[in-house]
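In structure tokens, one chain follows: the form predicted on its own.
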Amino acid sequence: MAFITTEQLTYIYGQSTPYEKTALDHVNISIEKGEIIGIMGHTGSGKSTLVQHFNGLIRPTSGRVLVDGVDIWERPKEIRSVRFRVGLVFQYPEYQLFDETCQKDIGYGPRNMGLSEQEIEERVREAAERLEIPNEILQKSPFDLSGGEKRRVAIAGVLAMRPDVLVLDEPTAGLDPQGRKTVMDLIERYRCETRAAVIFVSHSMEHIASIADRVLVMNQGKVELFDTVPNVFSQYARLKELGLNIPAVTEIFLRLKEQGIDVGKGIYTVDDGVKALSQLCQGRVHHG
């Protein structure tokens, strides 16, 4: 059974006002535990609104969100418990930081769960280790950290609750290439170690191609595509119609193919491209 399901999920901003806008329009999706789902779409397509429904940050105008088969709004007074199971990291998670030290900040969620100080300390240590946050940083104010360090501390604060689902809205926004790679590697490692579902919004097609099991493409509040990476990324023309750019490396290899050079299919990341070129060169040497 799917762990997160939406049934006819609809959300309207400013309902019954002159500014009414349908952000989500009868969205039906199912996500299993252990999956990594990449969500993409042009600005205003409904991506961020959708992920904020998963942990009850936004209440549907109509339709339902089910977590482990239960409608999360069936008991509104218990919505807080859903947020412990479905952890949400905002687009700029450093804005989630507010406590005196990083250690206290990471422990904020577990403390709200009513855990003992010993359990809180254990979870803070575990989350810090997962995010490769050294002890000296734990004693610092979060406001004294670099952008990449703040990002990791904010994510650690969510992981400390040991959520069954980790939801991240543009987790690598504003980071340099090394910072982006570090965050993506940590996300994938968390999934492998915990079998939690990971859902992340990204404008980077290459990031999605590198770790996602399935890709959800949103368009005007509706599900446009929801399938495996090869099945979605092979629809180049449709993606371009939606205002989405395919990975640059994919574009390069498509051009090579147009020139009559057989470079194979399914090249969506730089690593894919390196392998394809290596095989191409080996083939030419072998046939020569």
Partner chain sequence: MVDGISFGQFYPVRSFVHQMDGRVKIVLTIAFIVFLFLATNAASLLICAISLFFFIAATRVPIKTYLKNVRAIIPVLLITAAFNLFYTDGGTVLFKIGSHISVTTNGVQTALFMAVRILLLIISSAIMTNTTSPTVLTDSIESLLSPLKWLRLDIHSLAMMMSIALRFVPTLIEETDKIMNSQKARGADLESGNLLRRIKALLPILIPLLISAFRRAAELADAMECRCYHGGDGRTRLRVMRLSWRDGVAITVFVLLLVGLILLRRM
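Positions refer to the first chain, counted from 1. A quick note: this is a predicted structure, and the numbers were derived from the prediction, not measured.
The form predicted together with the partner chain is left out here; the points below concern that form.
This chain is drawn without the partner chain; in the predicted complex, the residue among Glu206, Glu149, Asp164, Asp105 with a heavy atom within 4.5 Å of it is Asp105. With the partner removed from view, the residue among Ser30, Gln220, Gln52, Thr61 that has a non-hydrogen atom within 4.5 Å of the partner chain in the predicted complex turns out to be Gln52. Although the partner is absent here, Arg214 lies well away from the partner chain in the predicted complex, with no heavy atom inside 4.5 Å.
Contact check for Phe90: a non-hydrogen atom falls within 4.5 Å of the partner chain in the predicted complex.
In the predicted complex, the partner chain sits beyond 4.5 Å of every heavy atom of Ala248. Mapping the unseen interface onto this chain, Ala196 falls outside it, with no heavy atom inside 4.5 Å of the partner chain in the predicted complex. With the partner omitted here, the stretch from 198-206, 175-183, 125-133, 108-116 that lies within 4.5 Å of the partner chain by heavy atoms in the predicted complex is 108-116. Taking a 4.5 Å heavy atom cutoff to the partner chain in the predicted complex, the contacting residues in 64-84 are Arg80, Arg83, Phe84.
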